[in-house]
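Presented below, as structure tokens, is a lone chain in the form predicted on its own.
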Amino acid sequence: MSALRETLLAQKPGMAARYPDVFRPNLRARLNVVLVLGGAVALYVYALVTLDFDPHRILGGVLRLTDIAEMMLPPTPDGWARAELYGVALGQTLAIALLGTSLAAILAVPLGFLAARNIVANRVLHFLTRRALDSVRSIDTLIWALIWINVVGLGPFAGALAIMSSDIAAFAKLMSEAIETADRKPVEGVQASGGSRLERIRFGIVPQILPIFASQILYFFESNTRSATIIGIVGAGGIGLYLSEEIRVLEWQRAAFLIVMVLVTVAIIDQVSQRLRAAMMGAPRG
């Protein structure tokens, strides 16, 4: 390796003379890197000053967190009646996540095709669809929950609509990217056999993206189970509402029981969805 390195270094002056554009330092790119790094450092310092960063406060918070963790032990619902109530609320949270995810996936299908560059040739329509999806995707699930609570009132229905609104743009974006990267050979095969444009999409593209899209639905359902817990805190139903109430009245053992319920549920969903995704993608099960 050292001999090869010495040979290459000896040839470098001649290569630099022959290809000056390649070996000329790109000052503009280096300046951009310096500006980006400088801006990031300046923003970091500004955040430390603005947020009143104080190591003593962090240490005090860690000590307070330790005290709260001790008060959470042992997790208990304080009676079977309350445990049953929590179980119903957990089922409601799962229903919110499932309904919101499925509605978002269904509505995202036509939007995904509209946002795909190889499906929609009209640049204006493609641009407007992409920007609309970006606008919707920029709004967090919690904000959507507050909006829908004011529209349809408190309860799990608002939570399902919030998850649907938050995920529809993400689903459409991921689906459009899968369509754009799909293999062209099946499409060309359907076209060569006399298939129409709709048939090229149905038999050439859909079979390729369907396993990917189904895998994404499972992943989003798992993630939305946690999101449904959070939006319940603002009144969108589910177990998050009870968790917020128990924390507010400082019933830490009950709050710990609710947290354990959510953790166990998410872990089970993760294992099941992982196996389902592996089966759909044809990968070996772990």
Partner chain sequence: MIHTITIPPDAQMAPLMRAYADALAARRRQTMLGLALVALALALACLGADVDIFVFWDKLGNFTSYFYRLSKLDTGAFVWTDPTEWYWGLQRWLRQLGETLLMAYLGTASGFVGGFVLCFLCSRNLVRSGAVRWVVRRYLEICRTVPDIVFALIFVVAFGLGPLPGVLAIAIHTTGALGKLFSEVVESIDMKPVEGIAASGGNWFERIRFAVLPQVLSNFTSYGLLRFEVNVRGATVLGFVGAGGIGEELITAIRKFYYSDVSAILLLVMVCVMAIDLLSERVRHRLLALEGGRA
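Positions refer to the first chain, counted from 1. This structure is a prediction, so every number in the text was calculated from the model and none was measured. Note that the rigid core is defined as the largest set of C-alphas that superpose within 1.5 Å between two forms.
There is another form of this protein, the form predicted in complex with the partner chain, and it is not shown here; the text below is about that form.
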| Which pick from 86, 148, 113, 213 sits with a heavy atom within 4.5 Å of the partner chain in the predicted bound form? | 148
| query | Given that the partner is absent here, does residue 50 sit within 4.5 Å of the partner chain in the predicted bound form, heavy atoms only? | reply | yes
| request: State yes or no: in the predicted bound form, is some non-hydrogen atom of residue 218 no more than 4.5 angstroms from a non-hydrogen atom of the partner chain? | output: no
| request: Answer with yes or no whether residue 137 is in contact with the partner chain in the predicted bound form, where contact means some heavy atom within 4.5 Å. | output: yes
| query | Within a 4.5 Å heavy atom cut-off, is residue 28 in contact with the partner chain in the predicted bound form? | reply | no
| query | Which of these stretches, 178 to 186, 74 to 82, 87 to 95, 192 to 200, has heavy atoms within 4.5 Å of the partner chain in the predicted bound form? | reply | 87 to 95
| query | What residues, if any, in 48 to 86 have a non-hydrogen atom within 4.5 angstroms of the partner chain in the predicted bound form? | reply | 48, 50, 51, 53, 57, 58, 61, 62, 64, 65, 68, 72
| query | Can we say the CA of residue 42 moves by at least 2 Å between this form and the one not shown when the core is superposed? | reply | yes
| message | For residue 63, does the CA position differ by 2 Å or more between this form and the one not shown when the superposition is done on the rigid core? | response | yes
| message | residue 33: after superposing the rigid core, is there a C-alpha shift of 2 Å or more between this form and the one not shown? | response | yes
